[in-house]
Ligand SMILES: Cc1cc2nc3c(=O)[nH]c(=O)nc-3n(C[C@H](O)[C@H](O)[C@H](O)COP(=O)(O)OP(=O)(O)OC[C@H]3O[C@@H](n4cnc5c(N)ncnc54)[C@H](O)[C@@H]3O)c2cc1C
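Next up: just one chain, as structure tokens, the form predicted on its own.
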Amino acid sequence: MAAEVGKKYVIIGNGIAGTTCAQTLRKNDLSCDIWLLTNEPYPLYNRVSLPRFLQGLLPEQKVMIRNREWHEEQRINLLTETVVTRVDPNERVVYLDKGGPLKYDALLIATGGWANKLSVPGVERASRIYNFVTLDDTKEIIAAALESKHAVTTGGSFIAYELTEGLNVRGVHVTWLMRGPYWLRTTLDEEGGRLVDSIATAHGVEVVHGEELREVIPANGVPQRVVTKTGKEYPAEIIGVGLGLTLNHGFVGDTGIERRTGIVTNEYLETNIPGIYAAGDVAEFYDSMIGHHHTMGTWDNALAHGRVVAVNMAGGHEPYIDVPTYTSPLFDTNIAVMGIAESNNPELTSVSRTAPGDKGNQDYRKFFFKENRLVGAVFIGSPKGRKKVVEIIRTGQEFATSAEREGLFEVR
């Protein structure tokens, strides 16, 4: 469908969803006006590359994806260090903390989320307590790691793992605390969790389950040690926090936009208010692959959202149907999560197995089914067969018997 030319678009959030949307809008309509807003000082950078930057394996310039010149060439008005204070859906206006206001024909909210802060006694008297979401976070962690011998990381998320690995690679001894019985407990099971523990432990990380931080003991304005809820103490001059995100949609609180965990959209990524869309981490979108709404915090998902939502903001009617994937290094191996891999979803069943892999490593695979249809998978170790599994998920292939499901472990 041809775009309606000359429209005015406002995009809140310049991550991969927002910037991809802006780029797609410009490609399809040379005459439209595009405003791209971010509270950060940077154009788009690769958040997936931040762990390698933290480890010292990638220079900062390789993390950057876009520069200001690109936005000028594309005639995309990039406003950095700008905060949206209010959205008026009736007048179709976005109000800013400086400049503006901006009128729009279609609005995209792609604001991601805020990292949850550590909130225990002692944090108010100590620096060097870090979340790990932004480029600035990463720069500060690197500087602190160079002056630290001991670190404590807390959380059972990807971010907690990446913090743990990054600090370990930097030569800091890391104690990794998790409240749960194993890492990534909303995706893995006990067997997969034990494998991750063994990988981290083999690289010198001290992994501690069933523990949370109770207090930070500072000295001279920086952490000296931490105390857990069971009373154990661990030395730490730096603390890494991976306790999840709170999605950033409070600024639309009085607009009538439907919100639950995220901003609720249909399969076209449009909210209950015509002309207002959401994409990326902040979108609680209707996923026709599994037949219900959910949020998904992966780069691939946000990228695909950006492409689809641009079409629909310009008057199209394209549903979002995709198999997002997320891959991450796990020290000397890797993990890949494909599709819908939710252990805590009562509508899904799963099968898993650990088997000997290459170079003496263990390979772990877990497959998720909705009724008989494969909807998701997790691989730790060898990536062989990953593309085939993604295609099986995409085509909706069914596996009705145990033998058919067991056959998935042989896919290469």
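From a predicted model like this one, the values you see are computed outputs, not experimental measurements. Start at 1 and count along the sequence shown; that's the residue number.
Beyond the structure shown, there is the form predicted together with the ligand, which is absent from this document and is the topic of what follows.
Residue in contact with the ligand in the model of the complex (any heavy atom within 4.5 Å), chosen from T187, T333, N168, N248: N248. For the options A355, V48, M64, L58, the residue carrying a heavy atom within 4.5 angstroms of the ligand in the model of the complex is V48. Only one segment in the set 307-315, 201-209, 294-302, 226-234 has residues whose heavy atoms sit within 4.5 Å of the ligand in the model of the complex; it is 294-302. Three-residue candidate spot G192, V378 and P383; no residue lies within 4.5 angstroms of the ligand in the model of the complex by any non-hydrogen atom. At a distance threshold of 4.5 angstroms between non-hydrogen atoms, A110 is in contact with the ligand in the model of the complex. Within this chain, Y104 is remote from the site of the ligand in the model of the complex, having no heavy atom within 4.5 Å.
Under a 4.5 angstroms non-hydrogen atom cutoff, the ligand in the model of the complex has S328 among its neighbouring residues. The ligand in the model of the complex is approached by V133, whose closest heavy atom lies within 4.5 angstroms of it. With contact defined as any non-hydrogen atom lying within 4.5 angstroms of the ligand in the model of the complex, the contacting residues in 12-26 are I12, G13, N14, G15, I16, A17, G18, given in sequence order.
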